[in-house]
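Before any questions on how it binds or moves, here is one chain, the form predicted on its own, in structure tokens.
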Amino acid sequence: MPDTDRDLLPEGLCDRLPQQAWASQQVRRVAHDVLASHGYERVETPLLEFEKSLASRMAGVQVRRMFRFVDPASLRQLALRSDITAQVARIAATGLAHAPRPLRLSYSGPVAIIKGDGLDPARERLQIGAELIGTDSVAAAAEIVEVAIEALQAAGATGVSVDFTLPDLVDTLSAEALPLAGSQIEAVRKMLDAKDAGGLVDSGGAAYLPLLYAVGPFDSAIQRLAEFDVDDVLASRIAGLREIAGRVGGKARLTLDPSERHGFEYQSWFGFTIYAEGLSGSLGRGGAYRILGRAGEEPEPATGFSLYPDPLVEALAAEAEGPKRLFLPLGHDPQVAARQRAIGWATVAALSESDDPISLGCSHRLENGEAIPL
């Protein structure tokens, strides 16, 4: 019986064939062009780090999602990155600790998790992101949302929509306005996330029920949230959301779900999730957070986003034609071939008389210095 195990990949991992790899590179290139045009400088981080470094840089990072093992060189625990944001935070707090703020950094690369999310079994994803470090102001939040929208649209996404949230909503309200016992806070968060009115009442969060209805198109939802906020505890956050919406409203459809916390492990007062028409699931999220600096230093505010554009990559790979390919017969003029590449052709040189240009994916053949359709 033939042994086929050597050809299998673990669950949730897959190869990218030429068309998919080309689409992935296109998305990364275009997104980084947009980020660079807004002043975000690119950094690159290692696949592996000490677990302690990844886990301690930002509150809420979930170590249990990471692949971990012992480094035979140092005998310390290593982790395979599941989120590049924490690595960029380390760079900002160490190698760029004395760089002028606000600091604008961008990145991209693969990340891996132990188990896929929900119905998505993927355990490796492409992450593209930007971090604006040194401020978590309304102006910074608006810039981050605008840049995220522009990057996705430039990469080919259409019908972009943005869903705003307030990740620290329950913490803020439970402190004074709507007090909760410490044991109730997490239960109320879960019931709000699940949109479970009965569970919310049972967990002692009946006063939080109006939040379940402050959801939907931004203008109507923010108005319901403002009516709920009778003590003006959320006034500054509501004003901030309205200002952000005013800047980006013409570029994407805006919605609000103020109590949504799924995927917002370390964000503070502001968060957002971004979607595109025709693509399943979200394409990324972002918001305000804090970077834990060196010992004895105060945490540093930051705002950023992470895009996970794999659904967009798959859609582009299925639709795009890819680069034009020109067949170069044996004995062709190398200088002529170089000129063809300079004007946009991808050339495929014959290695033998039996090479067939059509089977090699070429649409044209070089003859007498010209690209002739096949």
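Because the structure is predicted, anything quoted here is derived from the model rather than measured. A residue's number is simply how far along the shown sequence it sits, counting from 1.
Another form exists, predicted together with another copy of the chain; not displayed. Remarks below refer to it.
S.K.: Pick from A139, A154, V201, I185: which has a non-hydrogen atom within 4.5 Å of another copy of the chain in the predicted bound form?
M.R.: Selected residue: A139.
S.K.: Name the single residue among R253, R101, H262, K195 that comes within 4.5 Å of another copy of the chain in the predicted bound form, judging by heavy atoms.
M.R.: So the residue touching another copy of the chain in the predicted bound form, by this definition, is R101.
S.K.: Closest heavy atom of T94 to another copy of the chain in the predicted bound form, within 4.5 Å or not?
M.R.: The answer is yes: T94 has a heavy atom within 4.5 Å of another copy of the chain.
S.K.: Would you please decide whether E353 lies within 4.5 angstroms of another copy of the chain in the predicted bound form, comparing each non-hydrogen atom pair?
M.R.: E353: no, not in contact with another copy of the chain in the predicted bound form.
S.K.: Does the 4.5 Å heavy atom contact test between V63 and another copy of the chain in the predicted bound form come out positive?
M.R.: Judged by the heavy-atom cut-off of 4.5 Å, V63 is well away from another copy of the chain in the predicted bound form.
S.K.: Does another copy of the chain get within 4.5 angstroms of any non-hydrogen atom of R237 in the predicted bound form?
M.R.: Judged by the heavy-atom cut-off of 4.5 Å, R237 is well away from another copy of the chain in the predicted bound form.
S.K.: Where does another copy of the chain sit in the predicted bound form: which of 84 to 92, 154 to 162, 167 to 175, 262 to 270, heavy atoms within 4.5 Å?
M.R.: Selected stretch: 84 to 92.
S.K.: For the stretch 342 to 366, return the residues whose heavy atoms include at least one within 4.5 Å of another copy of the chain in the predicted bound form, in the order they occur.
M.R.: If the 4.5 Å heavy-atom criterion is applied to another copy of the chain in the predicted bound form, 342 to 366 yields W345, A346, T347, V348, A349, L351, D355, S359, L360.
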